[in-house]
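Before any questions on how it binds or moves, here is one chain, the form predicted alone, in structure tokens.
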């Protein structure tokens, strides 16, 4: 899988791939990353990539031409490159999106800055628009990294233990069950005794029940969906 980041600030992103799981994934050639800077595609002598908003408004907007030409350059090399814009107006990114997108061969993340990106560029070039939440950030680099991380984890071989994916939160809608490690007693709080007995069938059942309870407490919206699905499966 190849990830291309279209950004004015590649150094913000590069450091994230210098350690841990994603560094190993790059060293094993399971994923690769590169960067394109819209400033390299500007046609004005000052290399400006922003302009005032037509119709008035605070701040500056990223101009259409530099970003469009950046994407065209990428597409000229790889016509199958899948273009994703990160924007508050996009649909919420979910785990199922991460699993689906992990099957792509080349994903391009376009990160906005300032007051965003000229709407026409997204209408013309976007395959999908995603948001990571109902709040505003300084730029699209963090959302791009979040999507890249979530997608990469679903690529075969990236995680050392592939079964980890099956136990994570949001698989089967539910949050992951509570997890524990040694010592068995920590500040007078004990591990659930059934976890120590080695009966994996009972432990699996208990984890599922705890997963339901945790989801009901922290995410009642997901719990409601899970109960509907369970009912339909019976």
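All of these numbers come straight from a predicted model, not from anything done at the bench. Residue numbers count along the first chain shown, from 1.
This next part talks about the form predicted together with ligand ADE, which is not shown.
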*Can you say which of 75 to 83, 152 to 160, 100 to 108, 137 to 145 gets within 4.5 Å of ligand ADE in the model of the complex, counting heavy atoms only?*
137 to 145
*asked:* With the partner left out here, check for me: in the model of the complex, does some heavy atom of residue 125 sit within 4.5 Å of ligand ADE?
replied: no
_I'd like to know whether residue 131 contacts ligand ADE in the model of the complex, with contact meaning heavy atoms within 4.5 angstroms._
yes
*May I ask you to list the residues of 87 to 116 that have any heavy atom within 4.5 angstroms of ligand ADE in the model of the complex, in sequence order?*
87, 88
